[in-house]
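Starting off, we have a lone chain in the form predicted alone, written out as structure tokens.
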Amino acid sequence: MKYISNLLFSLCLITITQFLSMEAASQKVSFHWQKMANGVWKAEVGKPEAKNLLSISGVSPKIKAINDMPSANFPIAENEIEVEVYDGKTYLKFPLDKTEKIFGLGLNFKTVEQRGRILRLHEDHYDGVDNGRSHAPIPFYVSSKGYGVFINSARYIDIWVGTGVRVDSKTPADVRDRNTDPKWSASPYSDNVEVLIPAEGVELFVFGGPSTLDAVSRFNLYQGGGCLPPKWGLGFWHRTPTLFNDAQLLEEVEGFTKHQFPLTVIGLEPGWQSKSYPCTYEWDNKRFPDPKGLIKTLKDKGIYTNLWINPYISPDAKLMSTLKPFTSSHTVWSGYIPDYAMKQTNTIIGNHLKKNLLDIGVSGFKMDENDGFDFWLWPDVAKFPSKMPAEMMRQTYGMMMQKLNTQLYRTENKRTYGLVRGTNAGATSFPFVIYNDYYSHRDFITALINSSFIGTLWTPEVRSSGSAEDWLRRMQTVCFSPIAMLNAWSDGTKPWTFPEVEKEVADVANLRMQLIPYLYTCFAEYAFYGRPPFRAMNLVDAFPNEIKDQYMVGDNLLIAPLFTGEISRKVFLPKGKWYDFYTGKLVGDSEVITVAPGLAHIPVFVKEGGIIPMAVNNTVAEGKYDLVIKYYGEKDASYQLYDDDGKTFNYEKGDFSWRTLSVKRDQKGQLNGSISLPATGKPDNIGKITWEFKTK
């Protein structure tokens, strides 16, 4: 018995010692906030890793643009932000007010408000559940109180958004008896956001407001500002079936001419290469015996060429003779995985792309399969010669591919615009739009809304449909997105596949082309001021409900899509008067309305004082173009129209102009419009102007 007592005493002593050791190891970390720019603060807690999202992207913040924004004070009670380092991990806690809404935390497809959710931010193909696994697991959230928090880590990050109830809570949840209290909840109130990072430290950023849009804009500017695509990138895109050859491609182009349908970009899918899955990045000389001549023929028609690639290189590819030492320990689809964290990899692949593709006129790339699933990507046990952990590689691989391609075109002083499957924080300025194989129309719109919170772009591309109605509704929404694209890689669909709605599809595609001056200005505001061109309603106004199916394009246009089977829908109008885009009729003032527009039109509304510059024809990619400027409302108004050469980076050296469009009433009470002249030596691509006052 004495032996047993001694043994129990020893075990208790060991347990107490271990507990005390754990308590000693788990300690709150002191830190201070350093002001990086107006309304931007950074703190380094613990021992941050050298590799993080911003260091990998390598993009410089636009400090001057941030400093030109309204001043902002530190928006969170500093004493309520807590950090602990324990067991090789970093624990963060941020406060939440009772009515505070949280947005962001990756590209979500079903939810806009994230409070009450538990997420693991993990680069992956979207699989139908908002659990943090997505194409853009960006660790940034923005609050309805007008501030944002960014966790600059390239690790998988776990986040509890108002779900973890702490013993030391300032506002503890009520204790209720489930047997007798109908208000008992399995999810009691929580007043914090808690974050777990598998590293012994991290960089934290806080972005001030005062508005939610201001906080998002500062976040975007700190990543170099948004991208400014070439004008041609904002036209209509069509991707051909996988194994098309040059003759079939040209026949497809002729179809667009025959049907009088606009076409700006033609996309070639995997069959342009001699081998794909894995890829060679070399032309198939049977299907495309003269790629340079083909690209020139297309360009002479005003059509730009975009090529599909994925990261995995065939053992038979010519570039493998020098690339192989800079690839991973594992393969994907029997293809080598380039290590884009190494300078040598970027040089080898960059030189190959330039010599064989850019130099013959290829205008951009669609970069596929750099996102997931787990069984399609390398495992986290893979090793890379750069020594970057496979986890970090997965979180940033798509971003590193974007970085290389952006630099290649920048060296040529040519802007590009393309598609990618994976991205992360730090890539806001890279000219790529996310897409995927998930195909829910309604969820596509929610993803478009969510992209505006996190500094990325998303396109609800069109592929196929089961009915003419669904086809038209999808075409209508894609024409109000970052890339208006039909992707026929699989089944060869065409814009006129459903003849009964061919005219309506052509109408909305032509409307997209006419709106390029307005869209281009929206993207200029993204690049210069950080304001997303496509915006969630919560970046415009405070709404009591979660709004997942309507959004803004710039400051002036509200888009309210309809989906298959719907003949009417509710629309939440922000503060002020709003007018029907097509008729100019007043539809409401700070209220909820019901609209039934018919099949021909997607509901579009313009706010009071809205000025919408539109091209008269479809040729705005280069040179001068005429404008019809539409005005909505009854009061004086002004609008800044952006202008540059539309294709180079000369705008970064000051070669651009902002033209002021003004509407004022004269002494007779009549509305008149005017446009300012560009400064001497600045771009002037605007030809004849016609004003159209829509509100009668």
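Numbers for residues come from their place in the sequence shown, where the first is 1. All figures in this text were calculated on a predicted structure; none of them were measured in a lab.
FYI, the form predicted together with a small molecule isn't displayed, but the following is about it.
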Option touching the small molecule, based on a heavy atom within 4.5 Å in the model of the complex, out of Glu369, Asp549, Asp158, Glu608: Glu369
Listed residue (Trp184, Tyr86, Tyr277, Tyr439) with a non-hydrogen atom within 4.5 angstroms of the small molecule in the model of the complex: Tyr277
Stretch from 287-295, 360-368, 410-418, 88-96 whose residues place a heavy atom within 4.5 Å of the small molecule in the model of the complex: 360-368
Residue contact check: His352 to the small molecule in the model of the complex, 4.5 Å heavy atom: no
Gln395: touches the small molecule in the model of the complex, heavy atom cutoff 4.5 angstroms: no
Contact test in the model of the complex: Trp489 vs the small molecule, heavy atoms, 4.5 Å: yes
Touches the small molecule in the model of the complex: Phe256 (any heavy atom, 4.5 Å): no
